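Presented below, as structure tokens, is a lone chain in the form predicted on its own.
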């Protein structure tokens, strides 16, 4: 029977994997990240495969994505041909990596799409009937509202990322206790 520590680690890895959808990644990628985050030593692909019971291809693909996100790094050991992987353990750095990547993948493209939609709608505004123009104006106001909101969120993310941990500490001081 696994020890309480091993059961605790398995629970953490499983729950971290369940949160994967919230940061826009697949479950295996999140579980791999959790495994490396709680590991005292860097792990090689074989260790990761055994711990998570996944294929080499699945492990390699998810390792590559985590490296691209900046959440894990490759490490080499003298005299060993294997690559080892270690997670970023500074929670603030992890948060920054995730926020930057999510913003790049999700927030920035929708802001660009809204801007394109606004320009496309504005091009033919003069050729529309009165009823169509009214609908187009409602559409335009809603796109403007959404763009303003997303730009504000993007500005908040920029401020948060540039303020670093001291900014988080200041923010925590003004928020009600949880």
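On a predicted model such as this, the values are computed, not experimentally measured, just so you know. Residue numbers count along the first chain shown, from 1.
Form predicted together with another copy of the chain: not shown, discussed below.
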Original post:
With another copy of the chain left out of view, which of 126, 145, 130, 46 would have a heavy atom within 4.5 Å of it in the predicted complex?
Top reply: 145
Original post:
Does another copy of the chain get within 4.5 angstroms of any non-hydrogen atom of residue 50 in the predicted complex?
Top reply: no
Subject >> Contact flag, residue 102 vs another copy of the chain in the predicted complex, heavy atom cut 4.5 Å >> reply: yes
Original post:
Even though another copy of the chain is not shown here, does residue 55 get within 4.5 Å of it in the predicted complex, heavy atoms only?
Top reply: no
Original post:
Could you tell me if residue 19 has a non-hydrogen atom within 4.5 Å of another copy of the chain in the predicted complex?
Top reply: yes
**OP:** Any residue of 57-94 with a heavy atom within 4.5 Å of another copy of the chain in the predicted complex counts; write them all down in order.
**Re:** 89, 91, 92, 94
